[in-house]
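In structure tokens, the next block holds one chain alone, the form predicted alone.
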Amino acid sequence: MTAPGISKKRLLAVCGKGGTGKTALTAMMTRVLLDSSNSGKLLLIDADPAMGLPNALGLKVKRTMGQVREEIIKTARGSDKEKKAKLASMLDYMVMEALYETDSFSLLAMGRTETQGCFCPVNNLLRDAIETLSSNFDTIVIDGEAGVEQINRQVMRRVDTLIIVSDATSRGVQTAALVKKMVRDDKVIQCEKIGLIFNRVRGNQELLKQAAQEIGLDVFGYVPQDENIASYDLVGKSILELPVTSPGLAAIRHIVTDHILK
């Protein structure tokens, strides 16, 4: 059920080439959403095994969905039918146990998985459990790996808005074009809207806009190089504590207002 005053539920995913600063950008987006009266109950899903989002937010996660997955696989391999049935009945509880809750938002970290090989039934169980959990939130933001396969495979079957983050390099734009192809042509995930954010920009916005037009992507905005973010990252300070005058935060605020909360 959508909270009073919230027009609709929103499911957002952030992806892009490694090293573009997408996790810091996701953390800034979190700050802007928390400041908004129109985002409602907020869930963050860290789908990147590197688990950078908790660090960017100054959080220490004790349990991940990867650990839940390992427990399921271990039990399925070596337990009798009664224990397997009990495990299945506890799945929702195990997911809730992995949910990190603060006063203003909740976070679910996917984490790493140690067991190799294809475990599609397990992944499908976890994805169904996450989708059930997500129904209790108004806005969901997924910080993913490069590409969108993991979102489709382990987290969500569809998103409302896919945000591709690129730096001001040809390789970043090429990765954005590949992600767009995966979504629009290969249909690895259902998605209503796709947009590109250029991060750590130092001028040349017209050239970047032209590059985006050539690959057929709308530009949601340009986030300037922000020394505040670099210094916070260096000392491990939460991005949520960025000063309101931070240029990167100001740019994200415009992007969220114009493209996310409209």
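As the structure is a computational prediction, the values presented were derived from the model and not from experiment. From 1 onward, residues are counted along the sequence shown.
One more form of this protein, predicted in complex with a small molecule, exists but is not displayed; see below.
*asked:* I'd like to know whether residue 211 contacts the small molecule in the predicted bound form, with contact meaning heavy atoms within 4.5 angstroms.
replied: Judged by the heavy-atom cut-off of 4.5 Å, residue 211 is well away from the small molecule in the predicted bound form.
*Indicate whether residue 225 is a 4.5 Å heavy atom neighbour of the small molecule in the predicted bound form.*
Yes, residue 225 lies within 4.5 Å of the small molecule in the predicted bound form.
*Heavy atom to heavy atom, is residue 229 within 4.5 Å of the small molecule in the predicted bound form?*
Yes.
*asked:* I'd like to know if residue 253 sits close to the small molecule in the predicted bound form, meaning any non-hydrogen atom pair within 4.5 angstroms.
replied: Residue 253: no, not in contact with the small molecule in the predicted bound form.
_Candidate spot 20, 200 and 233, all three touching the small molecule in the predicted bound form (heavy atom, 4.5 Å)_ = Each of the three qualifies.
*Specify the contacting stretch among 63-71, 211-219, 31-39, 192-200, defined as having any heavy atom within 4.5 Å of the small molecule in the predicted bound form.*
That would be 192-200.
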